[in-house]
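Take a look at this single chain, the form predicted on its own, given in structure tokens.
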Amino acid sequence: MGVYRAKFPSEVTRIREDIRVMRIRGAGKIARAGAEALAIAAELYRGDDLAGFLKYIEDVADYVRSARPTAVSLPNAISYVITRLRRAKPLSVSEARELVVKAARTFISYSLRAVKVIGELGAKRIENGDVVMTHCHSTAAVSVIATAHRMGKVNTVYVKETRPRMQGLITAKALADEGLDVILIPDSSTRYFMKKVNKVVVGADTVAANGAVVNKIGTSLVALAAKEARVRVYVAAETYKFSPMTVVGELVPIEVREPAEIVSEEWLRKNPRVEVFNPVFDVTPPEYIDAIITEKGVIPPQAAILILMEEYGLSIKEIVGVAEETELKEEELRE
């Protein structure tokens, strides 16, 4: 008989912790790491009880999914694997294990190809001599800028530091390694430098059904400054970053992280009357975005709902059903 283990493999625990504490950053990398965790969990399962394996994988999925609440790429990657397992209705543990591993590997491969395609499509939107600004770290956004540079279109890029975790430094190094002239700037100087910029290219953690983009805090201010300066804003995002639940009005939860990311614990102890609030993401309205660049094509933000319908193959009825099931589970927990 198979034995369901409440304690997950150390490799799975490590991946989840790396996602939670942001050692693994960027929505695409988070998604691929989540899929990899499921594959590892399946490969390490010992036993021949199918029901035990299915329960185990579902619990691993819930455990990994809970690492980050905002980046929809993680639950979408998990759902990609779990949905294929459920639909296949395997007859044995070995068959189920193979399904999980294959689905996870397929998702990871698709994700990597998507970044390359987005780079190629996005580069076509960049014109010769353009100066670009970007924010935070997005593999997809880096792919667009780097591809445009290889085509001889872009030489200079302004990279925002992106406090408090300074993800901009990751982007600055990646683009400098590609041969671009990188200018790292303070977050507070966005409006000052915008007059020197022709295009803004950023990534996304979540794209809502109405075309609004949830991304690293400060993205909306970049888009606002760009709109004022008549600078086009492009969002580079794989389709698995589109959130099906927003079709029925579900709000995207905004993650709030520890005050210690902003000030030291010693400073907090000396200033007990000061409350520190550290939201990680903000929402950029669709009217501030010129286009969303996906591996399926370049779309206006208002067409996000069409991507959701096509990519996930979900009817409104199915999405509502999922939302109602989630609400029931939450009510059971409250009771």
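Every value quoted in this text rests on a predicted model; they were computed, and no experiment measured them. Throughout, we count residues from 1 along the sequence that is shown.
Below, we turn to the form predicted in complex with ribulose-1,5-diphosphate (RUB), even though it does not appear here.
- Here the chain stands alone, but in the predicted bound form its contact with ribulose-1,5-diphosphate (RUB), taken as any heavy atom within 4.5 Å, falls in 137 to 145 among 84 to 92, 220 to 228, 137 to 145, 175 to 183.
- Residue Ala204 is the only one of Met133, Val100, Ala204, Ala77 with a heavy atom lying within 4.5 Å of ribulose-1,5-diphosphate (RUB) in the predicted bound form.
- Site annotation in the predicted bound form: the residue of Ala304, Ile289, Ala27, Ala35 reaching within 4.5 Å of ribulose-1,5-diphosphate (RUB) with a heavy atom is Ala27.
- At a distance threshold of 4.5 angstroms between non-hydrogen atoms, Arg68 is in contact with ribulose-1,5-diphosphate (RUB) in the predicted bound form.
- Using a 4.5 Å cutoff between non-hydrogen atoms, Tyr56 does not count as a contact of ribulose-1,5-diphosphate (RUB) in the predicted bound form.
- None of the heavy atoms of Lys160 is located within 4.5 Å of ribulose-1,5-diphosphate (RUB) in the predicted bound form.
- ribulose-1,5-diphosphate (RUB) in the predicted bound form is approached by Gln167, whose closest heavy atom lies within 4.5 angstroms of it.
- Residues Asn215, Lys216 are the ones in 206 to 222 with at least one heavy atom within 4.5 Å of ribulose-1,5-diphosphate (RUB) in the predicted bound form, listed in sequence order.
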